[in-house]
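Alright, two takes on the same chain below, each alone as structure tokens: structure 1 and structure 2.
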Structure 1
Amino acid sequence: MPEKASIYLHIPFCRSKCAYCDFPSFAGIEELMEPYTAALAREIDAAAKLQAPTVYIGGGTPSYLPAPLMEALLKKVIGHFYLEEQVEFTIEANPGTASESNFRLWRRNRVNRLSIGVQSFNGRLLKNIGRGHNAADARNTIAAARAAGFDNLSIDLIYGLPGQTLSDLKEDMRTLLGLWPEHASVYQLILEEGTPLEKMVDKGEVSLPDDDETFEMGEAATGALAEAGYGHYEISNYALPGRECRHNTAYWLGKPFLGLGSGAHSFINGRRLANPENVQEYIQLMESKGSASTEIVTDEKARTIDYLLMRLRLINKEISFKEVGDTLSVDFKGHFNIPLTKLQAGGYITLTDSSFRLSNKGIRYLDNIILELSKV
């Protein structure tokens, strides 16, 4: 029986670069699409023939890749890996970059889930963050996906956007719920260092909602989704029963995954590997060496914090001290007793003799928890 692992393919191309984005994605390099796809095909050919419960094609904007190149990649994945009968196969799509014909082609090649990066249905807010679509594009893309037969859609929204009000967020939630996706990802905007948005804020060209306003937005989003019957299963993710994202859940539980393409990471056979983010460097390495990955070596503390950063995102699951000990070979409760006690006193976690879990406050302030644990 082949080893089981989730598969991730990275598509680094975008029609335009959003002001808030620090992902390894790039606009204006369309001439590299064909050689990149060829390099990615080589990396697939060189990979072990794994059994894949999930496949996820992310970016960047995968839906910006021309249809013939995407179809070639899909057939390569299907032909190389052992996809489970009930595989969850997701592609990310941005509004205005794919049509019903694209979606039908993907469905013919085993894709059964879409993650659509709407971010907001408010044209003013979309313009503030440099998105390349408008609200009509978003609705049309979702309608095209439904017409093509997709019955598992995830819609992404972001709150805390420049110029956004609580009223704006509530209107976005009403629109989202009117479209009734099976899954919703609602993220708080993070002002990433070095992004155009950070520079715009520093110069006073745009302003962000303050911490209290942003907290209210997060609470309003969670409340609206809960009232509509969506389960809040991860810090930023909500799903109708049985529609939780299996691929991302595998990450959060520390299960093996194989990442392919520029900037992709892997956790396979107990080793952590990474490919270079530079697209041309990735292509050159695949052409000259047939491999682009290097091993990432970390110490015990870094591995522990990395594991907790992922595992704590699953907010409805207790973390047993035995689980952490078995996974990381560390006496977690003994080593972290002081910060755990402090976090319980601050109302961030609830602690028992054998486990702990996030409180409602901890869900909103996960970074504070990780920072406290990192001090040990």
Structure 2
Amino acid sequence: MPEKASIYLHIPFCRSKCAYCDFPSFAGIEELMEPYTAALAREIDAAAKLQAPTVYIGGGTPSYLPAPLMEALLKKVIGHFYLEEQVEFTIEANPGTASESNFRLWRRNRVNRLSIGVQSFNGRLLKNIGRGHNAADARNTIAAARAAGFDNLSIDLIYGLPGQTLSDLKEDMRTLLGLWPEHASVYQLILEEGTPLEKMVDKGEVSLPDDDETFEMGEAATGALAEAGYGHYEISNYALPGRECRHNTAYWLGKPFLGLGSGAHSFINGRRLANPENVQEYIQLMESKGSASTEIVTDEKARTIDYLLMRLRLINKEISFKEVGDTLSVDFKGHFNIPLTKLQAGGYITLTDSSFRLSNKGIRYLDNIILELSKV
């Protein structure tokens, strides 16, 4: 019986780098696409032949990879790992980077879910953040995906964008709901250190909506999605019943996963491994050593916190002490008794003898809860 783990593959290439992005993705290194996919193929070959309940190709912009390279990669994945029959196989696609024929090719190779990085349907806002597409591209790409037969689509939106108002966000939500995606991820913009957007904000070239307005946007998004029947199952994720993203849920539940490609992380047999973010370094390591990963050594305390900060993101799923105990081999209730009692008193969680769950207030202040728990 092969070992079971989700598979993540990273494609670090983008047509252009978005102003807010600090992920390991790069524009202008297209010449590395071939050697990179070759290196990735090598890493797949060297990996254990795992049983995969989910596969996820993320980036970067996977859809920016030329069709022949993607086809070869997909075939490699299918050929190497044991994909479960009900596998959830997702590729991230950005509007304007893939056509219906691409989608058909992917579908023929067991891909059954797309996550489309729309971010906004408002051309003015997209321009503000340096996105290389417009609202029409987004609609066309979604239409092409449907035409190619995809019946499991997720749309990504960001709110709190520079220049965005509450009514802009509401308009975006209306457009999204009109497209009936099975799943939606609605993220609040994070102004990351060292990004071009941070500089633009510092210089006063653009301004972000204030905390209160941004908060209202989040509430409006959740409200609109709830009304349309989407369940709010993770801080930033919503799905029609049964369409929750199984791959990401595996991360949040602390299940094992194998990450391949530059910047990818793995969590296998309780060990955390990371590949270098630098694409050339990754290729070189794969060519010279046949392996690129290094272990991130963690102590028990860090493992506990890691688990909690992932697990608590599944905001509606009650956490049983038995579940935590089995995963971490700690007496959770005993160990965290003081902060749990304090959080209960503060109205952040509801506590029973065998479990606890986040309150509505707790969902809003999740970081404070984790800080409180990590004091122990």
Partner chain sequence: MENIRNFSIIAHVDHGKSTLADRILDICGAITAREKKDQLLDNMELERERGITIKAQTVRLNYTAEDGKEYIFNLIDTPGHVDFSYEVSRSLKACEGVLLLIDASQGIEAQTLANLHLATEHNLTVIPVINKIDLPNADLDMVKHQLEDILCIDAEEAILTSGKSGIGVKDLLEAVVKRIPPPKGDPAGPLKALVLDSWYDSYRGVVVLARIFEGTLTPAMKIRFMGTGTEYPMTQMGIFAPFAREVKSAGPGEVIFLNASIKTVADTKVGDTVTDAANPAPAPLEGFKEARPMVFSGLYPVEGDKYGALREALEKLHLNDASFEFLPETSAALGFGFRCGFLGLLHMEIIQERLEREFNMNLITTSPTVSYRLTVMPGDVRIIDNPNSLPEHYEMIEEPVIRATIFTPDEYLGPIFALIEEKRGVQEKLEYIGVKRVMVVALLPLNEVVLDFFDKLKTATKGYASVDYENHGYQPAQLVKMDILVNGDPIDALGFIVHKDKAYNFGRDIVSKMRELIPRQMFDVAIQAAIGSRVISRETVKALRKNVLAKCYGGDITRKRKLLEKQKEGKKRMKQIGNVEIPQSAFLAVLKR
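These numbers come from a predicted model, not from an experiment. Numbers given to residues start at 1 and step along the sequence of structure 1. In this text, rigid core is short for the largest set of C-alphas that superpose within 1.5 Å between two forms.
Comparing the two isolated copies of the chain, the second one is the form predicted in complex with its partner chain.
For the motion between structures 1 and 2, the hinge, where fit shifts from one rigid part to the other, lands on 296 out of 296, 342, 321, 66.
The smaller of the two rigid parts, set against the larger, turns by 11° between structures 1 and 2. The Cα position of residue 352 changes by 3.7 Å between structures 1 and 2 once both are aligned on the rigid core.
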